Structure formats: C-alpha cells, structure tokens
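Shown next as structure tokens: one chain only, the form predicted alone.
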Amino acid sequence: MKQGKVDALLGIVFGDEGKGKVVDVFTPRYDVVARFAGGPNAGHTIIFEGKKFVLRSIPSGIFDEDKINVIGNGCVIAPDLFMAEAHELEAAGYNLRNRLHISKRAHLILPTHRVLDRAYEAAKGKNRVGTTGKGIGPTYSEKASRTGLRVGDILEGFDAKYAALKARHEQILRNLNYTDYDITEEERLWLQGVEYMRQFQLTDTEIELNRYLAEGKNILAEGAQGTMLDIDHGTYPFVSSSSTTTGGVCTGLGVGPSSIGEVFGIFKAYSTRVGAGPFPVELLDETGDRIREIGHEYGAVTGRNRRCGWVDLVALKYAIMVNGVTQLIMMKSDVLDGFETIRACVAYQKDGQRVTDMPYDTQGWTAVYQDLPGWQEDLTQMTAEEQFPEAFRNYIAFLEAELHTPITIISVGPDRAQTIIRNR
C-alpha cells in the first residue's frame, strides 16, 4: 500500500492570511485535518452559505462530517474556551465527539497562565510584545521548563497536579506584586471545560497519525499564525511561542520529515501585522487606512486593528526558503481593487545599506518599492482565471517571477466559493 503524505498549509508572513477558509476548501481532498501549533490566540474565520464561524483551537476541517480532525501535541488548549467553541459548533448541528481527537501530549492553559501573561506584559513597560493575553506564552514556557500540565493529566491524579501548579503560579504573581485579580468565575468555567474535554477522544495522536499514513491516508496540517511569528525564525522577541513553520509540523504532530508532501504557503496580496514589532512596509497614511477598511483588518480573536502595508517580498522570499514552500496561495486580492498603483517591497534599506535577504533584526529598516499598475475591475465577481484583468495578471506574474514559486490558488472574496484554482 502506498504511504500517505502530510501536506502543510502555512501562513508565511504575520498570520491572519485566511488559512481557515483554504483548509475548509481543501478538506475534501484529505482524510484527516490536524492542527500542529498554537492555541486560542489564532482565529481562523470560515464563511459559507451565509454562515460565519471563527475557530480558535478546533481544526478548520470540522465542517466535513466524513473527516477526522486532530489537535496535535504541539498545540496548547484552554478547556473553557475549547468548550465554548465546541458548543457553538454543536449548536449549529455539527457532531464533534467521534471526529475530533485531542493529543494527550498537548499542554493545558490554566486561568492563572492568563494572569501571568498580563503580569509579564505589564512588567515589560514600554517593551511590551503585544500578546493576546490568552496565556499562550506562559504555557509554552512551562512546557520548555518541564513544569506544565498536559491533556493526559486530566485522566489521572488531576486535582493534585492542578492545585500544585496553580499554587506555583500564585507565588510567582505575589513575587511580581501582581495580586489584583480574581479568577473565581473563570476557574469555575475552566473546570467545567476539563470535564467536558473528558468526553472526547484523548489519544496518542502521533501514533494515530502515523497509522493513518501507513494505511495510505493523507493528512492536511493546518498552521497557526505565520512564519514571521515563529519562535526561531520570526522577528524575535515580537513573535509567538511555537514553531509555526514546516519544522513545527513534524514536532507538533509527531510525523517524520519524509512524510511531508506539498507545502502550501498562504499570504495576502498586501501585508498586515497585529501587535508590536518591526514592520518595514507599514503604511501610516490614508492608503494604510483604506486597505484596513476595505479588508476589514481587525483581529478575529482580539478585535485589534491590524497594521497594513504593501506586499513584502523580502519577508516572503525568506519564508518560502525556511519552509520549503512548493505552492503559493494569494488571499484577499480583491482588497486591492481600485488602486491606481500597487506597490511591492523588493528590498530593505537602512543607513545607506540595501538588502534583499531578511536581516537578523528588521528594526529600523525601511522598504524599497517597485510600482506596478493597479486594476479598476471588481475581482469578487470573477469565477475563472480567464476573467482576470490584465493588470492583475501582470501583478501575479511579477510575484511569481520574484518569488520563484507558482501561485496556484487565488482568493477574490471571503466566501469559500470565491476561490479560484489556476489552470497550470
């Protein structure tokens, strides 16, 4: 029997690219959809048939009743938020219990992790990273320091383990003089969430996934955030706490590198970033505001304004390299409808120096642009590549030539139907 493959779908800039929509479109091609990193700080928005869902922890393949969905060991889970998300899906008529499997090795986000997140950010003063406050960083920190709680711990001796870790957190908070908090109601819901999670299949998902591969089944690995937020390869320290790249697929699901097939890199036709950190292409003008308003660039989880700018080829080339991207998917192309000129960042410059490779620290670098003609047509009404205006075709061709990677899918609107697979 032919061995199955793991195809990876990764955000390759700062996240928020529209991964949820594409996973939803791709799901019929696969037997399993698996999340390998991140937690409820990642909101994947899916719109179809007039309905809108924002998934934070549950994989975006959950709407296909015939597919297995897996939350892998590289993820972190907040039981209360997971319960609320699952209840919303169940209320909409989706049965999760037999189709959603959760790794026993995934780590749990405690209510006190969220308090620690706020306390650590407050202690940084002007040097805040701009976290979502969901407790992600403290949870991953404890994973690395070997003091965390895992999903498998809720199956045996949980009460004592939880009490010990909570007490440890409370001592840290006292040491930080951060004592003005009350988690009574939050903890009540969290413990309800723990009981709710016990109803699901809590398994050794790395064994399960490798068994599927041996049976010839194919898996879609759903990424969270983006490459430039990767703990190793992103704009440190303004990054997430997990491995968001192709390497994270292997460690976050327990599959070998030889199992990786296609690597789909997803990006917007322009650039956005949420939170603090360097952003050389940021537009602090009417153009940036216009892109934000047309693209509805507000965080799916936090509601925060996303910083907007033109497409960044320096960042994209770097992300394609470190991920081994084989195909590109361009999202939100329609947001650029009506711009007379489209700009693309082809290099960074600082102190008389110009670079086209990603520097170690992007702080203080500014963008060098190449201008291209825009298009005035409405892309949202188009259903085939043949309908694209010439200026948009030229924009696609320019990006492919610069990035040396084919753009195989174009999104021209938020609905799953507004997804055009190119004839290649």
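Sequential numbering from 1, following the sequence displayed. Keep in mind it's a predicted model, so treat the numbers as computed, not measured.
Quick note: we don't show the form predicted together with a small molecule, though the next part is all about it.
- No member of the trio T139, K143 and G252 reaches the small molecule in the model of the complex with any non-hydrogen atom inside 4.5 Å.
- Contact annotation: of the candidates H107, H233, H169, R306, the single residue with a non-hydrogen atom within 4.5 angstroms of the small molecule in the model of the complex is R306.
- Interface residue among T27, N69, T45, T362, judged by heavy atoms within 4.5 Å of the small molecule in the model of the complex: T45.
- Taking the partner from elsewhere, M331 is found to have a heavy atom lying within 4.5 Å of the small molecule in the model of the complex.
- Among heavy atoms of A119, none comes within 4.5 Å of the small molecule in the model of the complex.
- With a 4.5 Å cutoff on heavy atoms, V335 counts as touching the small molecule in the model of the complex.
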